[in-house]
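Below you will find one chain, with nothing else, as structure tokens; this is the form predicted on its own, and questions on how it binds or moves follow later.
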Amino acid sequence: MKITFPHMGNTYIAVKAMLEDLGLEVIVPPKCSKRTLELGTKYSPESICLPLKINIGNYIESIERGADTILITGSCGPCRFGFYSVIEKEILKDLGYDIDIIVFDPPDGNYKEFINRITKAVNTNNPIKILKSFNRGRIILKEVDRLFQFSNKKRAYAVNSYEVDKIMQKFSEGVLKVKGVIETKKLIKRIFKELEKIEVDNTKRPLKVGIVGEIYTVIEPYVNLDIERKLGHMGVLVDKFLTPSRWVEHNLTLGHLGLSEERKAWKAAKPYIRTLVGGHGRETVGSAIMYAEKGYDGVIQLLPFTCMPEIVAETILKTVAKDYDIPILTLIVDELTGEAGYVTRLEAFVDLLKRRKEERKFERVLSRS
């Protein structure tokens, strides 16, 4: 079995390490690129959301490298992501690819089915081996998220923010050369040390911006046009509400105890939206409120074109922005999104936040005099 999976931010790092430890042959798709998007757009329904198109491109590029089995996470509720596996299987079948697709839907109480799919994917029914590998993968996922958040912080304070890019590029290249959890952990540790050595200017007071929205668009840098890096070079400290490790915590561990960050977002969103609207629409509203309460300077909502849950959230965010007095920018992406216009909108938003921060500082000085 030669196993692959779609790119979804940095998830591939943990999945690759975990599957390699289980002795499976892993085919990591090439990084998302213009070719990936072109392949996906060519063979997907025109009106389907962007993540599915990228998925199809990833699969074709992996199959070209020999993959014969695809792993994908599922979803539930009123979101098209829940139908991705069915649509994707039909598209690949029409293209003549004979490939097996294993879907990891959130267990939602049905752990037996969830475990059955895991045993099929990892080609063993040894529960201890599976649990150990899962736990190791979970740790890698968390460490990778922590590494990228640390790189965001370094970029905002660094004397030369481009030094962070060089080190993170080294990490992206290195992670494909190491094998298994132990080697991956060593690499992460080494990259942390290199980032720590970067000279910073602690007198900087960077703007703080929270990223919310549809999870794939938030965590996949090719789709969001590397928004974290772009904002970092503009002197912004970025925080993403949704990350792969938080998704795991919510769906497989802390969420069932009511302790996950997503549960907190549901509570925060309750005055505006009381029920599931699909995808992460409710979390988008709640997390924007949480960022406002933490004193963030602004919030950016990201969503793929035609994403209904996020369109619902977008309409509510206008009221949230007014009630909490926090600027919220919505950016919609699809295969026609132009980078120049995207950057211009980001620059204008950052300028607005800077001016607003300076005006507030000036008002405080006047009130004391």
Partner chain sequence: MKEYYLGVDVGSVSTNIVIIDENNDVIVKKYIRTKGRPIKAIQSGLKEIKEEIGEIEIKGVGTTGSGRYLSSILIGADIVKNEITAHAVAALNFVPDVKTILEIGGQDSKIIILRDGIVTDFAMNTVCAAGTGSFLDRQAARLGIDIKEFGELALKSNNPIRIAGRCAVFAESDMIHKQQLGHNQEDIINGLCEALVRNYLSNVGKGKEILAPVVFQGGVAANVGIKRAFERALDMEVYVPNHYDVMGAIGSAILAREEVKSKEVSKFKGFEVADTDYKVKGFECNDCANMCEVIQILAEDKVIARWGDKCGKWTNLSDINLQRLA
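Positions refer to the first chain, counted from 1. These numbers come from a predicted model, not from an experiment.
We do not show the form predicted together with its partner chain, though everything after this point is about it.
Taken together, the three residues S33, R229 and E347 all come within 4.5 Å of its partner chain in the predicted bound form, as judged by their closest heavy atom. With the partner left out here, its partner chain still marks one of 131-139, 231-239, 188-196, 206-214 in the predicted bound form; by a 4.5 Å heavy atom cut-off that stretch is 231-239. Listed residues K267, K166, K179, R146 were compared with its partner chain in the predicted bound form; K166 is the one with a heavy atom within 4.5 Å. Among heavy atoms of R356, some come within 4.5 Å of its partner chain in the predicted bound form. Among residues of the shown chain, Y97 is not one whose heavy atoms approach its partner chain to within 4.5 Å in the predicted bound form. Using a 4.5 angstroms limit between non-hydrogen atoms, D351 touches its partner chain in the predicted bound form. Among residues of the shown chain, F150 is not one whose heavy atoms approach its partner chain to within 4.5 Å in the predicted bound form.
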